[in-house]
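A lone chain, given as structure tokens: the form predicted alone.
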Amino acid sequence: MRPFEYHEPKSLAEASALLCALGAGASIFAGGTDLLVEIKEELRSVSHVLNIKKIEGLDALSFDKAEGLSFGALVTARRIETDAAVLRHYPNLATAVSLLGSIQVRNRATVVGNICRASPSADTIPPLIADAATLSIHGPTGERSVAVEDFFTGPGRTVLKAGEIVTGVHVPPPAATSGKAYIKHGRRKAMELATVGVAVSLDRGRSGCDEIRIALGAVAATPIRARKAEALLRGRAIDPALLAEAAEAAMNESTPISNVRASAAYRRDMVGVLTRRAVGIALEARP
């Protein structure tokens, strides 16, 4: 492993100032499950590591029926996976984090770290987009909030500016008649990157689907919303024919690539299959 300078900022202001001063060679350390491997394998050039574990408040996790779910940058995937409120109110997110790596990885990896890695196939991102989650960001000019769906600009790239740190995630409270689902498809059942991921969050009304958000992972340069598919289903009673039409729309909205995990054509077909399944699961889910 190449040597690097180690820093332990005690506040967000100190961490932000260090990032600005040290430049592109500085990286944040929270869980370290990607960072340390990439340093060891010389996949990332890092000259300074900033451990943010001593900054107070970043390990907080809370749920309120009126305010929703909030958790900090140090909250691990395993804490989210096993939290009773998440399991009850955000089953799509609970499913997604349970599919992230191994249990050993989930005990160290942070959800915010998975988001900031900005991988198109990241498991945690589609359900957070489907649930209209936002990110809290601290930087040299103060605090700002960014919707998760607007955070990514390309594979491994985000809207973060120099000195900015994602401090936490907020997920709005679910509606009383909500239904949620996340389906990950890969070549194996565990320790696998998603070939396709589909998340759905909807609100069931008396006559059908009052509101719906569909997020797709691993089928574009960034995780995306299937907005045309959403528009077809929103405000309507969902029957098999309409669902098939929406699944076709989602397929057409995806722009997958071919790689070692699957061809572009296979990925596009699976978007249709998983969209139909995920909407069906969300419709049947317990409110």
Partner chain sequence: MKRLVSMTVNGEEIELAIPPYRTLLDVLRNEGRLTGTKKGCDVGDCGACTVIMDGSPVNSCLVLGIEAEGATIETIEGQHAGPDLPHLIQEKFMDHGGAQCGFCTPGIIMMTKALLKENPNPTESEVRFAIAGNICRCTGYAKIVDAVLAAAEDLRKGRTL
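Bear in mind the structure is a predicted one, so any value in this text is a computation, not a measurement. Residue numbers count along the first chain shown, from 1.
This next part talks about the form predicted together with its partner chain, which is not shown.
Looking at residue 255, you'd find every heavy atom of it more than 4.5 angstroms from its partner chain in the predicted complex. Taking the partner from elsewhere, residue 237 is found to have every heavy atom lying beyond 4.5 Å of its partner chain in the predicted complex. In the predicted complex, none of the heavy atoms of residue 68 sits within 4.5 Å of a heavy atom of its partner chain.
Taking non-hydrogen atoms only, residue 244 never approaches its partner chain to within 4.5 angstroms in the predicted complex. Contact annotation for the candidate site: 11, 26 and 144 all lie away from its partner chain in the predicted complex (no heavy atom within 4.5 Å). Proximity to its partner chain in the predicted complex, taken as a non-hydrogen atom within 4.5 angstroms, holds for one residue of 153, 136, 177, 107, which is 107.
This chain is displayed without its partner chain, yet in the predicted complex the stretch 28-36 from 229-237, 28-36, 215-223, 57-65 comes within 4.5 Å of it by heavy atoms. With contact defined as any non-hydrogen atom lying within 4.5 angstroms of its partner chain in the predicted complex, the stretch 129-159 contains no contacting residue.
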